[in-house]
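Quick heads-up: it's one chain on its own, the form predicted alone, in structure tokens.
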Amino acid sequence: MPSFNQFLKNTIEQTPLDPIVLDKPIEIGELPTPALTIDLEIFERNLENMQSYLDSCNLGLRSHGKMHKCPIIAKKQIEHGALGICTATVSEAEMMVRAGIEDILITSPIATTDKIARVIEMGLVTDKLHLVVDDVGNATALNIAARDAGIILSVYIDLDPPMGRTGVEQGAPALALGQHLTDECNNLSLDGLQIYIGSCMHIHGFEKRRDRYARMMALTASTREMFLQAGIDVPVVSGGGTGSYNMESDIGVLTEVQAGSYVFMDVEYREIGGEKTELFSDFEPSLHVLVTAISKPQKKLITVDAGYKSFASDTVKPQFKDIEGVDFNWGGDEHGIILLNNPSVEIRLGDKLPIVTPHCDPTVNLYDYYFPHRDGVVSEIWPIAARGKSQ
């Protein structure tokens, strides 16, 4: 019988990574539903728009793989110019390393001996693995493990914005950790800082969001200056996201942006508002859940085959693509009940309809495969290889 760690390793090694090419392409309307689909034309436009904008600002893109959990998409982001990717978990990183992706930042602290051992294994494969630390004891444990393995691990100090989630307090406590790393940890290379202010990403209204974000980033600017005054170079400051991507250049703190949702977009992000628009439309929804209308129990209601098990939602409901006069309501695990209020398109039983996800990250984690399509034709299937890789 395998050990638990060997069991986890086996699950990584047995998961398909590459596109599954269909012998015969099919129309999107032939897919069984619910199905997670990607409009490739929009997807590619989103890739290009983010990369070209950040290039023009001399900012790097370290796209966040926790959103799509798919090495195929990570490679496409790197092909378009991303420096590398982020992952939230060790197992996500393991899947990306197995797929041949080298430049990876794990954005959550690694605090247990079993996960430190797994990180060391990856460090023996790639010298571009980056970790975050926010504690002296944890830094010491990582340093000992790296020393025993004969490698140097790259680390960023994780800063609390403050949000009280992860990170060391900014200012003097962060500097003390930095001095410990440079003075006491010969097998750790302090290469930068990480600051992610998630509480600002979904503030509604561009000006309100920018003002709050800039005020909070000022603390990071002063912390970075303390490092420089102490003679500690921090060449990378990594953080931010889709909701702040076009603020970073003016604020002038980050060197690389950890944007993720821009590739797919969702209802939550669309509703925060753009710089000059009511909706945040800099990037378009490319990810949809295709559903089927299966029942019409009442004149003003029609039921689709997708409920709580098909969409993850924090605060908002799914929205139909390009159909007005309809309102999605949860009908249980397997069903959505649609209120028909003079819909702009007649919906009949058997119709298959695309819906924009409320929150793309956790919705993706409900599915095994993407069905990418171009002009409505699906030619291959993309495994969501890191789906469920939460360890």
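Because the structure is a prediction, the values reported are computed rather than measured. When you see a residue number, it is the position in the sequence shown, counting from 1.
From this point on, the text means the form predicted in complex with a further copy of the same chain, which you will not see here.
Enquirer: Note which of Ser199, Thr112, Ser249, Thr126 lies within 4.5 Å of a further copy of the same chain in the predicted complex, where distance is taken over heavy atoms; exactly one does.
Expert: In short, Thr112.
Enquirer: So a further copy of the same chain isn't shown here. In the predicted complex, which residue out of Ser281, Asn186, Gln298, Ser222 has a non-hydrogen atom within 4.5 Å of it?
Expert: That would be Gln298.
Enquirer: Given that the partner is absent here, does Asp135 sit within 4.5 Å of a further copy of the same chain in the predicted complex, heavy atoms only?
Expert: Yes, Asp135 is a contact residue.
Enquirer: Verify the contact flag for Ser310: yes if a non-hydrogen atom of it lies within 4.5 Å of a non-hydrogen atom of a further copy of the same chain in the predicted complex, no if not.
Expert: The answer is yes: Ser310 has a heavy atom within 4.5 Å of a further copy of the same chain.
Enquirer: Look up in the predicted complex whether Leu54 has a non-hydrogen atom within 4.5 angstroms of a further copy of the same chain, and give yes or no.
Expert: It does not: once a further copy of the same chain is placed as it appears in the predicted complex, Leu54 has no heavy atom within 4.5 Å of it.
Enquirer: Though only this chain appears here, would Asp148 touch a further copy of the same chain in the predicted complex if you measure heavy atom gaps against 4.5 Å?
Expert: Contact check for Asp148: no, nothing within 4.5 Å of a further copy of the same chain in the predicted complex.
Enquirer: Using a 4.5 Å heavy atom cut-off, indicate which stretch of 213-221, 241-249, 148-156, 164-172 touches a further copy of the same chain in the predicted complex.
Expert: Partner-contacting stretch among the options: 164-172.
Enquirer: Between 372-391 and a further copy of the same chain in the predicted complex, list the residues on our side with a heavy atom within 4.5 Å.
Expert: Sequence-ordered list: Ile381, Arg387, Gly388, Lys389, Ser390, Gln391.
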